[in-house]
Each structure stands twice: as structure tokens, then as C-alpha cells.
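Given next, in C-alpha cells, is a single chain: the form predicted alone.
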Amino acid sequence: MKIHVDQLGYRPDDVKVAILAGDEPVNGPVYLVKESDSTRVELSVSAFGKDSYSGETLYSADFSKVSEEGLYFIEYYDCSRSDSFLISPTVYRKVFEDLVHMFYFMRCGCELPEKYAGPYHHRCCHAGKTLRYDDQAMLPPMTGGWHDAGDYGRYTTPGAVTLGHLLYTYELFSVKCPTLLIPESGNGVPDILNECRYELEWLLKMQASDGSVYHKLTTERFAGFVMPEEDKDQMILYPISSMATADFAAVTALASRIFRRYDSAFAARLRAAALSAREFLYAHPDLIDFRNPPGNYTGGYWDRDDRDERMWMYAELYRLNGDVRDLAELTKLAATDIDKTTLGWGQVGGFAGLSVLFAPSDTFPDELFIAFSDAFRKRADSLMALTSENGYRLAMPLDGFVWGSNMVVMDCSAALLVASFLTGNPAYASAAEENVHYLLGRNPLNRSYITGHGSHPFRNPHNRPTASDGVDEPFPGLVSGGPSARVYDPPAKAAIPEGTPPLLCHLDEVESFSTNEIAIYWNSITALVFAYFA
């Protein structure tokens, strides 16, 4: 019998369930054992049956009534047992810190000295001049920002979305945000904002003089598996898009509001940049799409609909400035079929929801608050229902196991947490925490999808620095993309037969980009969710 638990543990007052998987029925006692004194509590076991997510026959053992802190494991009468785990109110604190600290290791255009980066130190990277694609002009170096994912590109939209997650993490959970070991620590600004500023300073460089914003800054092709300072290919500034411009305007408006208590001059720069981008978009109401031009093979991040990006922009700008034009545009877009709850790179309507729902009560008209709150509650109710329909208790649809499924898992959790805030119903937060348990090892592969955390964390991310630095273990806090029902890379195709149940479609190998890449916006939404529980 295989026994799966959250390999970090559980908070004392939470719902606590272990999942048992086996072809034979459970025909003997299951115990919760405390390691310090071998105290044993027999647990009641419930049969789930055949699980469509994993293909397994599953059972659950509930030990929610046990709240005494300590180190425990689950044991079946045949001596099979789970990994050890804690019951502790602070069980998620360190992983939350590492999820945020990850961004320091993703910095581009600067040295990461050993004092701050430890064994993951490296020299300055990507500090050469920039070639502008539009006119082939050579520009000064556009240093700064974070490497986007397993590659060394920097992209406006994913950067803005990542900042959105982190800035709302600070706004909603500021007292929980950790102090980090980064060069800016101790300057009077919370370290999560110090890290955000590093990305924001680069993002400001991506704005053209007319207010529009360039879509991405990458080489023509992905670099080989080399350290960042060894990637010497020409960095190219690719054309503008309305998607990038709207995301830029939204996040600079959001950041301006948050930074004004710490640096009024920087907040003013951000506000001016946001307004300039907005004016460009007012003058260009149609979608300005982006497609990789001939000869470019790095990430595209394109979108056929920029209405959700504009909706986020109008919400943040109205909250910042109170301009009735922005409110009118926001109201029109909110009345359409745009998704109002998703916090992904391609669908950002949920950020407009966060702006409206967590603003002071007299900021937005009641009809807007109702529209967004109803959308979050409706989605949360549908996600809650899913926890009883699969054996791993995931609040996640079966069709969500795509490339980057762990972001989908966390996006579902975020929607549930918003519903919990709105209603005061703790059942929504409990459903969100079921997804946290999945991420930390309560899954059929018995794998924690966060490096450095859990008994069996994934160790081989598709990430160029961690594959090239000569250090055995990757730096902690990286989130794997996770299982994908459709695999695209040769190693995964060879190892995962067609028709394999979704939860088994993951390969912990460097070359498996479609199941094991990392990305800044996967980390940031995970940090937002974990902040609630930390």
C-alpha cells in the first residue's frame, strides 16, 4: 500500500487527510504515529474507488482531530508507511520564504556574488548592447529584470504578471513577507518590494517614447545549457504589442500605489509611465498582436484578445487616479464575457478583480464589486465540487493538466482564497489547501514540486543555470511546471505512454521542458497562495 501525505506537514487546526493507493482493499488498521513517543492513533479509512486523475484505486485516512504539534507518519498494518511530516502552525513559513527568494537567483544583468547567492553565484550576464529589431539600431544595454523561465529571455507580459502576483502578495499579506538575503536588505523597504523594484526598473526601459511597450527582449534562439554569463548572443528588442502595453500600464499603476509610501519619486515615475501607456492605448483601440518574426524562435507569449489586459489596466489606473474615463472603460469591459477570475499570463482579468475587490469600500461602484465577487464565488463553488470527484481531493479540473499545470493548480487556489475572503467561509480556503498538499507530495508520484522542500522534491528542473553550475542540488524554492497530459519533449514522449493518467505525466529530467521547466510566474502565484497559509 502506498501512502501519500504533504511531505512538509499540516497546520494544527486544518483538515488533514492522507491518501492510500493500492490494488488490494484496505483490510487492516491504519495508524497515525507520533515519532517522539510512538503514540499511535487508529484512523478511520474511507474508500474512494477508481480515480480518473491518477488511474489508481484510492482511500483516504482523516486525522483532522489531531492537533498536537510534532513529527508524525502514517502506518498501515502491513508496515508500509508514509514519509514523516510535521504538525505545526509554521509548517509553510520557510517554503514561502524560498518561493520569494527564488527571484534573486533569476536576476539578469548583474553579478550574483557568493555573499548572497552562496554556491549559486555567477558573474554579470547579458550586459551587452541591444539591437532593436524594428530599425536595426544599436541601443545601450537594457540590463536588469529576471530571466523568464528555464531560458534567459525577458518578456514584458510574464514580467508584469509576476509582479502583479508579488505586489498583491505584499498588499494582502505584508506582515508575513520574509526578510531575504539580498543586496538591498535593510534599506527600509520590505525585501519583496526590493525584489519587485529590480524587475520594475527593467520594465521601465521597455517603454518607447510614444508610450507603447516592447513585447520582449531575447536572443534569436534559446541559449544552450550554459551559465548566463556565457550566453553571448545578441540581445534583440522585439516590436511592441497592445497586450504588453496594457499589462505594463496596469502593473506600473499598481506599483506606483504601493511604492509611494517608500519612495515618492519612484512612484511618480511609475505613474507617469502608466499614464503614457494608457494614452497610447486610448489612441490605438484595436489589438496590436505580436508574432515571432522570421528567424526568432524564443517564447512568443502572444494573445488574440487584449480586452482582459485593458480591463486590468483600467482598474488599476482608476484606483490610482480616479479618472472617470478609466471607470467607464472598466465598466464596459466588465459587462462582457471576459474571464474575471484568472491570474495567468494570458488571462489577467482576475487582477482587475483583485484591484476592485480589495480597494477601500467607496472606491468602485457597487455593480462592479458585485460583478467580480459573483464571478469569483461562482468559480470557487465549481472548484469546491471537484474535490469530492477525484481521489487526491484536488480543486482542479481534469483538463487543467497542461504545460505549466502547477500554475493552474495555484490559480484555482487563488480563486478559492478570494472567495474565502469575500464570504468568510473557511471551506473555500480548506479546498485551496488541498492543492497545496498536492504540490508538496500528496500525489501519486510522491513528489514535491518545489525544490528543497519535502522528502522527495524534484531535483532536475529544465533551467539553464541549475543544469550548468556544477552544484548537485538546485537552489530551493523553484516550482516545477508539473504534469502535462500532452507532452512535447522527446524524453517525456519516450517515458510517458499515450493515455497515461494526467497525474502521472511528469518527468524529473532537465530535458523535459513540457513537464519540468520553471518560470517566474509559476513561482509568483505559488508565493501568493502560500502567503495565506504561512
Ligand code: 9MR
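The first residue of the shown sequence is 1; numbering continues from there. These numbers come from a predicted model, not from an experiment.
The discussion below concerns the form predicted together with the ligand, not included here.
Taking the partner from elsewhere, every residue among Trp403, Glu517 and Tyr521 has a non-hydrogen atom within 4.5 angstroms of the ligand in the predicted bound form. Just one of Glu199, Asp151, Asp308, Glu433 comes within 4.5 Å of the ligand in the predicted bound form, counting any heavy atom, and that one is Asp151. Shown without its partner, this chain lists Gly300, Gly322, Gly118, Gly295 as candidates; in the predicted bound form, only Gly300 has a non-hydrogen atom within 4.5 angstroms of the ligand. For the chain shown alone, Phe358 is not a contact residue for the ligand in the predicted bound form, no non-hydrogen atom being within 4.5 angstroms. The closest non-hydrogen atom of Tyr104 lies beyond 4.5 Å of the ligand in the predicted bound form.
In the predicted bound form, at least one heavy atom of Trp345 sits within 4.5 Å of the ligand. Taking non-hydrogen atoms only, Tyr133 never approaches the ligand to within 4.5 angstroms in the predicted bound form. Per the 4.5 Å heavy atom criterion, the ligand in the predicted bound form is contacted by stretch 143 to 151, the sole one of 205 to 213, 375 to 383, 255 to 263, 143 to 151.
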